[in-house]
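We begin with a single chain expressed as structure tokens, specifically the form predicted alone.
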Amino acid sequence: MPLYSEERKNRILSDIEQHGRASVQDLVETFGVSESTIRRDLNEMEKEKLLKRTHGGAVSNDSVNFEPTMIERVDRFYQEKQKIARKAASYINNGDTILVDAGTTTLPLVEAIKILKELTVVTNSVVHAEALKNSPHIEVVVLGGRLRHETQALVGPITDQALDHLHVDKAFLGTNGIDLSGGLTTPNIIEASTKRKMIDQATEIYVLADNSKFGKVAFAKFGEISDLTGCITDGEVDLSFVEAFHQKNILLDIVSQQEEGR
């Protein structure tokens, strides 16, 4: 006997809370309904803040160590990431030596800096390095290390040792969470260690984070807000963050629609 929509949603939520995640295909088989029905249920539940949508399903809102793959994240907040990247690029000058962290928020930054000259870009991302392969006026330094398939990032002891021998003018990092008490966090403890080393090796440190990251805390901490030179974000940011950044004399650059339209 088919379930009513609310009954089905309650069962979906119970399943996700028990197992941490669920795929659309598994839910289709469980409930005997179409993919479009399950996707509609999941989208409605996300709007009600009952779960988080992923590329092929959904996960619990309470999972601090959940980490979507790069493919799952690449289209999420796409327009916001593009705006943030273009703004971040304005802080980079010809001749700078910069470090660009792996991630879908920093990937558009790589595209935005291609017009610059005599730039040295250090990165732990094979995706970012690939994007710059046809830019002969940009010197690309790829850090070694273990490749994490989830984020396409090179991380771990080898990466950290390579960073020990480098110093950059500016580092541009991604984050899964930015919180006044929890600091800067990411789901993976090894990746957190590499991000921490990046902070240590840069004169200026900028975090690129869409506004959904504010107030979130993931599993592994890699820095404090006070470590930052600035944060580049978009949309509405809670006043508590605006005040805290101002008190700590840290740049909080919020890209607006009006500014983008100039």
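Here, rigid core means the biggest group of C-alpha atoms that superpose within 1.5 Å across both forms. Every value quoted in this text rests on a predicted model; they were computed, and no experiment measured them. Note that residue numbering follows the sequence shown and begins at 1.
What follows is about the form predicted in complex with the DNA, which we do not show.
- Query: Do Ile254 and the DNA come within 4.5 Å of each other in the model of the complex, heavy atoms counted?
  - Reply: Contact with the DNA, no.
So in the model of the complex, does Val33 come within 4.5 Å of the DNA, heavy atom to heavy atom? Taking the distances in the model of the complex, the answer for Val33 is yes, it comes within 4.5 Å of the DNA.
Though only this chain appears here, would Ser212 touch the DNA in the model of the complex if you measure heavy atom gaps against 4.5 Å?
No, Ser212 is distant from the partner.
With heavy atoms only and a cut-off of 4.5 Å, decide whether Asn43 touches the DNA in the model of the complex. Flag for Asn43 set to yes.
Item to check | Output flag, Ser5, Arg8 and Gln25 jointly within 4.5 Å of the DNA in the model of the complex, heavy atom basis | outcome: Per the other structure, all of Ser5, Arg8 and Gln25 touch the DNA.
Pick the stretch from 196 to 204, 50 to 58, 231 to 239, 218 to 226 whose residues have a heavy atom within 4.5 Å of the DNA in the model of the complex. Looking at the other structure, the answer is 50 to 58.
task: Verify the C-alpha shift of Ser240 between this form and the one not shown: is it 2 Å or more after superposing the core?
output: Moves: no, less than 2 Å.
Quiz prompt | Rigid core superposed: Thr54 CA moves 2 Å or more between this form and the one not shown | solution = The answer is yes, as the C-alpha of Thr54 shifts between this form and the one not shown by 2 Å or more after core alignment.
Given that the distance between the C-alpha atoms of Leu42 and Leu107 changes by 3 Å or more in the model of the complex, do they end up closer or farther than here?
-> It is closer: in the model of the complex, the C-alpha atoms of Leu42 and Leu107 lie at least 3 Å nearer than they do here.
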